[in-house]
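One chain comes next, on its own, written as structure tokens: the form predicted on its own.
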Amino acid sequence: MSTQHNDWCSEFLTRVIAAGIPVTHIEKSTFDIWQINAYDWQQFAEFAHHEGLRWSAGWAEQRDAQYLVNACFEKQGSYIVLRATLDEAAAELPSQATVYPAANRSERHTHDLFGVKFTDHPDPRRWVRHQAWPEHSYPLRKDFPAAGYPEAVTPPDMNYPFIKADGAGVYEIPVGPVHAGIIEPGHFRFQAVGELILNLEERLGYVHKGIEKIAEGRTPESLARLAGRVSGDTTVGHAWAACQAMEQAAEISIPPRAALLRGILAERERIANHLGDMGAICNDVAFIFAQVHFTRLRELWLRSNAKIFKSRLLMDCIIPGGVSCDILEADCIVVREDIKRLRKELDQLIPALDLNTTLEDRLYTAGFLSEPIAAAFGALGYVGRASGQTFDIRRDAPYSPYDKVAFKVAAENQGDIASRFWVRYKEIIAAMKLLEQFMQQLEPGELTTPWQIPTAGAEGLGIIEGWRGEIISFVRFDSGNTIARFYPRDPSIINWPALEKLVLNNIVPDFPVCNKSLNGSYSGNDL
């Protein structure tokens, strides 16, 4: 834990206690746990908001006849986990969503899966369950089987109380949950007048996979594989966050070469996804020329992944204690050639986009997300950085190998689709420079550290800058080197609500490109 973290945390703790909020401070290696009384839960959120802390994640776990409810806060790269212990008979907390909009869906998730009630919640509608389980059945409780109690036919989800709008010329447009092509399911309900969007409401959770439930009882190796499948386009980010959490619990450090290889994998994942997104944004405004070239560049990049790491998407390359792959000198030559070719092609392609007036007309000023709203929702990654939120864990709370390199965080402040496009481009440029620095630092060494079985109850918090932004993974171990609790928080869980704001006052035909500029993961959201 850094001296800067200790100083800030001690000062903040002093102010919290002075404000009349009693907490018990438990110091961990990379984060702090603050135990708090249930009735002080919302008061702490109000004080934290006043002090400029960002609400980052929320989750719960059941231990014997009690529930531990957690909320993670961040400021200046330092993290605090606030924890309240609730008896099973009185599993109730005041809602923090009245202070932090980002807590809204997380609290609904905890209620639907554990039965913990959040009083005065601004939106108590069920979020996750979708009629798949009977009323008063809570799948993440220990007495609920992983297979559940499936009915022959799941009742249709017909009666979700979407917000209604009335008035002259107001009409509704339902989109999804089934979409054309292979896109995952999600429902979007619009109210509009003419083509102008007055309101958008999302209904997600259709691909609920039971990730948290089926993680229970797994070995560390099995959990790493599962984490890599939370969202297939972020297999490196989620596997790294889960492994980092497990390594904290086991009190081990990975070898320097393994850390550099993880960095190389993460930046290659970042570049591939940004190339795909930039092409898809152009495709949604019918600029097919750019979409074809970005897709081609992404495909070449993925083929190199397959050649070097035996997986196009870099699945299962990160394992507890290190990595399962290596990079030879001949492979480094391939990576350098990849970077050289990509730079040259982007130098030719980007001016054609920058000077295209049709693209400018569709992307600039559309899908505007203001800095205050981005801050209020805690927007992450390129969504936040396009609206003036410059937080990047690689710089602000650096972990190996990012603590030994320098790079510039890409940022814009116009908050529109064009800003989200250009932030992606700048991140590609920064990622290529990082790849070059990591390869320069590579020296012979071990790829893994021998595993050390954690004690029962040991816990860890993995925090990684994935390509969409901050990923948080919580892990607690049971006895026998098995997992008792795993919670992965994908950046999309935080970013999806911002879509409901950035489409307002846009026209309905611009929704696809607004949506693509955010590109939230359905799978990463629907655990």
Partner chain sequence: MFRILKKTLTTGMLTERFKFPKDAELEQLGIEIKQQIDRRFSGSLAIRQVDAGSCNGCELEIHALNNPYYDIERFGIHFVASPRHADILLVTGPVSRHMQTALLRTYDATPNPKWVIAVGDCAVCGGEFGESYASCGKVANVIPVDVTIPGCPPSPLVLMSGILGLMKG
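Just so it is clear, the structure is predicted and the values come from calculations on it, not from any experiment. Positions refer to the first chain, counted from 1.
If you look for the form predicted together with the partner chain, you will not find it shown, but the lines that follow are about it.
Under a 4.5 angstroms non-hydrogen atom cutoff, the partner chain in the predicted complex lacks residue 165 among its neighbouring residues.
In the predicted complex, the partner chain lies within 4.5 Å of some heavy atom of residue 205.
Not displayed here, the partner chain is kept clear of residue 376 by more than 4.5 Å at the level of heavy atoms in the predicted complex.
Contact check for residue 89: no non-hydrogen atom falls within 4.5 Å of the partner chain in the predicted complex. Note on the interface: of 237 to 245, 320 to 328, 256 to 264, 128 to 136, the segment with non-hydrogen atoms within 4.5 angstroms of the partner chain in the predicted complex is 128 to 136. Proximity to the partner chain in the predicted complex holds for all of 155, 225 and 287, with the criterion being a heavy atom within 4.5 Å. This chain is drawn without the partner chain; in the predicted complex, the residue among 197, 366, 315, 430 with a heavy atom within 4.5 Å of it is 315.
A heavy atom within 4.5 Å of the partner chain in the predicted complex is found for exactly one of 411, 405, 442, 302: 302. Along 292 to 307, these residues reach a heavy atom to within 4.5 Å of the partner chain in the predicted complex: 292, 293, 295, 296, 298, 299, 300, 302, 303.
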